[in-house]
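A single chain, nothing else alongside it, follows as structure tokens in the form predicted on its own.
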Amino acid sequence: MLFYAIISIVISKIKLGVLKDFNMLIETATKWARRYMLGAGQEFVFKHIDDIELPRMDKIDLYIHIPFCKNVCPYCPYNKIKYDKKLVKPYVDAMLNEIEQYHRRLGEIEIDSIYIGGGTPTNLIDELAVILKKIRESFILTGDIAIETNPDDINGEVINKLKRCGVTLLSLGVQSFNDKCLVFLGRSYKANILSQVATLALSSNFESVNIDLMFALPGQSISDVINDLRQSFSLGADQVTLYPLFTFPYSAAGKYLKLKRIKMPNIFTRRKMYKAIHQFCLNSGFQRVSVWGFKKDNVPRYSSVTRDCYIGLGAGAGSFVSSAFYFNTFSIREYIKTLSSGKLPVALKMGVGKKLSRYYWLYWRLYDTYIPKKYFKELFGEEDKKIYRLLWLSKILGLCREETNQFSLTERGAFWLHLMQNYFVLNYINKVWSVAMKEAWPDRIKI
């Protein structure tokens, strides 16, 4: 309780303007944590690079980025542009070229999973069939294909095309069943279409259908969020994923909130909201599968992020291979131009040392809300005393508990991890994307 009270007071004072330079506070805390956990050897800088270094591998996951949107939502921070028919064919041709180049380097390796995001991927529903056909011809696809969708895009014809493409896991970006929230978010549809759209998706024999919802919106109450969950469950959702509003400074929503001074829920309301979400999902028979996700016991999990190694295809797509993070150029035109010249569109690289690699793995296990003891001990052994001190402190503070085969985050621990992501981890993303969206080939980005 003391830990909760101290952090709450600090953040509330930030909201009140007593601590004016919140960014400086984050920077100081980040530098201290990095130095304590990793020492001085790990550089946190993305540098310009002309190519990607690929190790020998037997399998990999793929991410496909489709940046085109017919309705550009103001809160969305991702690399996107307004749908432009003239750019669609050149973009798809470039991606087919990119797939071919990776095929030449890697051979017919196994593809463990494919995740398709955007943008709005279903804006290119016919082109996706061509892209996935090329992947199947170039590699050995053994895993699931997951895709994000927008309620505006879903109808019987689109569903049938997704099924023919081999999509197995579907996420429907509902965000809210409340028109007031949808208007704030800039969604182009009304709440009255959502039940019909969700029912169509859920009755189409996908292995799992996830409903994306948002919480911690301006003016949103706890009962509003619970009502969104109640409607999702009554429709038969296999999984729900609830995200807070990420107000990246460079996004339209970030600028809008700054200009209009719209009041976001304070830390106390946010805490109560998360606790209510967590309890309602568990009471409804859903199990927690991530900080933000809850699913039925008997269905596959839909996840956009928890993959150990992956190659990103498309403008602005990220990759994590060979102990390094990479980003393609965010510029759609430069992406097309570079691939037409026979080169891969990789723009940035940050090397990842052994220590950071271990903590990267640990971060995603915390996102999953549990850490398997077996793999934890294999990675960290007994020599890393710092991590064991942190685990001990987390148990004392009630953030995690030790079980027979794993360490598990408590509800309180999951809440504070979600808050840490919002204020710290997303700060890294903001730094990279703020520059990369303005410069096609940045020289250096320090995070």
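Throughout, we count residues from 1 along the sequence that is shown. The shown structure was predicted, so the numbers you read here are calculated from the model rather than taken from an experiment.
Keep in mind that the form predicted in complex with a small molecule is missing from the display, and what follows is about it.
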{"query": "Any non-hydrogen atom of Gly314 within 4.5 angstroms of the small molecule in the predicted complex", "finding": "no"}
{"query": "Partner contact for Gly118 in the predicted complex: the small molecule, 4.5 angstroms, heavy atom", "finding": "yes"}
{"query": "Contact of Arg270 with the small molecule in the predicted complex (heavy atom, 4.5 Å)", "finding": "no"}
{"query": "Residue contact check: Gln239 to the small molecule in the predicted complex, 4.5 Å heavy atom", "finding": "no"}
{"query": "Interface segment, criterion being heavy atoms within 4.5 Å of the small molecule in the predicted complex, picked from 340-348, 281-289, 88-96, 118-126", "finding": "118-126"}
{"query": "Site test, Gly173, Arg187 and Met214 vs the small molecule in the predicted complex, non-hydrogen atom cutoff 4.5 Å", "finding": "yes"}
{"query": "Partner-contacting position among Cys181, Cys76, Leu169, Ile371 - heavy atom within 4.5 Å of the small molecule in the predicted complex", "finding": "Cys76"}
{"query": "Interface residue in the predicted complex among Tyr360, Phe233, Phe325, Tyr243, criterion: non-hydrogen atom within 4.5 angstroms of the small molecule", "finding": "Tyr243"}
